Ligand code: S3P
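Below you'll find only one chain, the form predicted alone, shown as structure tokens.
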């Protein structure tokens, strides 16, 4: 089990580019595989999660090559996938297993999906239940609520589904199934989750209609291969944004970051806390808004976080918790129950680790209250195999009074393999 120790930094300075967006990278492989023609993808994130998606589609007969700069996917059209001769291993990736379960529900063959010890504990009922309503036949552990899942696809019919939670994984899984369903499939949410699938479906020529809180997909429409450029992942940029905000005398420019409005909740939250953050050179690439982000050290203050901003920042909350721990006053987080069903229960994990660092934290059913500390303690903290928790706690080490040792850091490779070298690059020498 790898451990990393991070000590206090004098400042954070420089200019960096973070790896490609994980969500967009997943979807580029999936849609490229079922489109007609050769799709090229630049800026693809070669983290373990995305490689799990790539390997799954290679196992289903899709030709995918990688020269180190460009991914080329030779798509077979909507019905070009082949029945896999083995179980599809999704590794640690919740996006892979949930989205591919929707896609496999539309295929005229049998398949089985599974994942690592952490993924096999994550809830699958949230996609299995609506896919079953569409006509998919899915069985698995505990009544189909946990992986491994066995899927017998085909014969789907469009439905109107009101999702009980705002989740891009649920929405995207049903959208992929909807490509194969008779008629139209409509998914509505309490509030709009990230819309990368809607944007990429449109880019590839899918018949997609959007409204304020929902999307409709018409089945049977063939997709056409595209050239895709993946912007930098704002979830990865968030760790460096928080680092530059909390470490004194810092100024950091993060280039080429995706600033999709359904993903910029972290920026809105950090701005509300008093963060000095500017978006520069705003532009659009492959249907996604992109900008350079300039961040300067700031005196942060506690705020109330809840409502519609939460699904727009759901993956960034471990980093936001570090900002709250370094802010003046009380930060309250509500409406974030979804944090309990991530790679680990992030509410419990962050609360317990922050207490180890001397921060006063009170858990609630759907969030937590964090009272900012004048000085974080050092010590040993446990990532619990969660990549975002490992990176967030590492950022905390930059301002702690003594080094913070983070255990079980292998998980960082699932989304940000170059995180630690990049962090070392921006820490100014003493």
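Everything quoted here is computed from the prediction, not taken from an experiment. Positions refer to the first chain, counted from 1.
Omitted here: the form predicted together with the ligand. The next part is about that form.
Looking at 278-286, 108-116, 313-321, 298-306, which lies within 4.5 angstroms of the ligand in the predicted bound form, counting heavy atoms?
Of the options, only 313-321 has residues within 4.5 Å of the partner.
All three of 22, 95 and 338 touching the ligand in the predicted bound form at 4.5 Å, heavy atom to heavy atom?
Yes, all three are in contact.
I'd like to know whether residue 331 contacts the ligand in the predicted bound form, with contact meaning heavy atoms within 4.5 angstroms.
Heavy-atom contact with the ligand at 4.5 Å: absent for residue 331.
Quick check on residue 71: any heavy atom within 4.5 Å of the ligand in the predicted bound form?
Result no; residue 71 lies far from the ligand in the predicted bound form.
Give a yes/no on whether residue 344 approaches the ligand to within 4.5 Å in the predicted bound form, heavy atoms considered.
Heavy-atom contact with the ligand at 4.5 Å: absent for residue 344.
Please run the contact check for residue 168 against the ligand in the predicted bound form: heavy atoms, 4.5 angstroms, yes or no?
Looking in the predicted bound form, residue contacts with the ligand include residue 168, since a heavy atom lies within 4.5 Å.
In the predicted bound form, the one of 199, 126, 120, 218 near the ligand [non-hydrogen atom within 4.5 angstroms]
For this set of options, the contacting one is 126.
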